[in-house]
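Taking the form predicted alone, here's one chain by itself in structure tokens.
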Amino acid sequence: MDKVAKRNQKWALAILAFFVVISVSTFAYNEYYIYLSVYLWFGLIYGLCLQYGRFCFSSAFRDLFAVGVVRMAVGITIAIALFALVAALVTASGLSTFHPAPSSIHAVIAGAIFGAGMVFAGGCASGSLYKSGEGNMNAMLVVLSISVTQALFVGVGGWTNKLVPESWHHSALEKGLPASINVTDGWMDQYLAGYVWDQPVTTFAKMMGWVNDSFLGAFMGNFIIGVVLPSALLLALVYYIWSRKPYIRKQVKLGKTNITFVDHIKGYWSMLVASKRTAIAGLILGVAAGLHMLVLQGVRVKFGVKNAGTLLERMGFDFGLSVNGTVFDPGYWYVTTQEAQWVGWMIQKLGFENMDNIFFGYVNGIPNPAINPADWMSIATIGGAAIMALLYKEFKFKKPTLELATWAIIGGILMGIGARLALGCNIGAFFVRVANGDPSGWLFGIGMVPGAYITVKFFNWWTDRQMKKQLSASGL
């Protein structure tokens, strides 16, 4: 083993030891900290898998639309299907922490904005987190841009109130929100309370007339109808458009002239197993995401709580709790909201009121990042990615160029806006919702496709334009 490998191993072990010490020492101080450690260790698993499989939704769309490479799109679909299977088991047992989101055209629009943003940034929300763990400073800039944008966007008011439809305004007032939430002076607040909250909340199981946590509803409704069938159709479409012709050409070169249906089945299968790293990462991600819900619900039952805000209050950490005594505690894998809380907490500490809006003041709160459960998950995700990158000699501090930094900021802003409009990112609004039979997840995914496609085409044009300029400048 060379010196670099030994050094990297030591750093990887040091990061792992740090998380072990945090978990053990905090649990010794107060057993309630095990709740936060659940988020920490699943976050570590997510980081390990994301880096190992190079999982990035931006890469999936970019590779597919730009060069016809299907590996990442296939890996993500496999991960969703496996997560859905475990999620169905958890749901049928009555221990699921998942709650579906409102479904309407807003999810499609938000998905388009987010899809464009992740291609601009060169990484989605989860992809930027794991790339930050690799030492990619451009990815760190993306995470920062997403976080700041969200924290500012949720409190936007002033002239934007003129853009609020009267129906939203009146509907928001009818909700009877606490006086501390200034719902009449915030576009985002009136959008949420006056429009989004009025949209239907359902699952594929309920749409079929079945009870969500019944065996029939969880497996036939949410898993088979909501995930397996559309995923199989999606993968068949990917094979037909992008993989079929290369596979046929390969068979012809091998001397086979009559391509049968059975051959196409073999080609379809070869597409699914094309990348072992991606397939393995997808397998573990899917199972871990499902188990995360089960384990956290078990801890909630143990402590007799429905939200971590109750535990924080019991421990004396009442600063930053929402008016309902809650904090952001999704109960499953999530990415963007906790990063917005970092910035929201700092804004409040600087003396600016940031708890009079729905996002922070009514729902998610802004607890100290040191005792925020979801924050532990994000930090551990970065740490897990760093461990895997070190072990595979893929860790390196990479400074962005001015051009890449500009795209990163633009992309982060768009992803931040898209995430807040959809109440989640590529993980919370797509991956988790689709896997749990929530139709709003597919709507968000449908929106991401044209957003990413148009931006990929823009970058193709931009690259050609830059190359022509360089060739012209060199006199060629």
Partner chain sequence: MKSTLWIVVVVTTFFTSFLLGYSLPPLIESGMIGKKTTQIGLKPKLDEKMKDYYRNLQNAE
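Because the structure is predicted, anything quoted here is derived from the model rather than measured. Positions refer to the first chain, counted from 1.
Separately, the form predicted in complex with its partner chain exists; it is not shown, and the next lines address it.
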>> Check Ala380 for me: does it contact its partner chain in the model of the complex (non-hydrogen atoms, 4.5 angstroms)?
In response: no
> Though only this chain appears here, would Gly94 touch its partner chain in the model of the complex if you measure heavy atom gaps against 4.5 Å?
Replying inline: yes
> Can you check whether Lys253 is within 4.5 Å of its partner chain in the model of the complex, heavy atom basis?
Replying inline: no
> Quick one: is Phe215 in contact with its partner chain in the model of the complex, heavy atoms, 4.5 Å cut-off?
Replying inline: no
> Heavy atoms within 4.5 Å of its partner chain in the model of the complex: which of the stretches 446-454, 29-37, 430-438, 63-71 has them?
Replying inline: 29-37
> Only one of Leu44, Leu414, Cys56, Ala408 has a non-hydrogen atom within 4.5 angstroms of its partner chain in the model of the complex; which is it?
Replying inline: Leu44
> Of Lys302, Arg249, Lys276, Lys162, which one comes within 4.5 Å of its partner chain in the model of the complex, counting heavy atoms only?
Replying inline: Lys302
> Who in 356-389 is close to its partner chain in the model of the complex, meaning a heavy atom within 4.5 Å?
Replying inline: Ile387, Met388
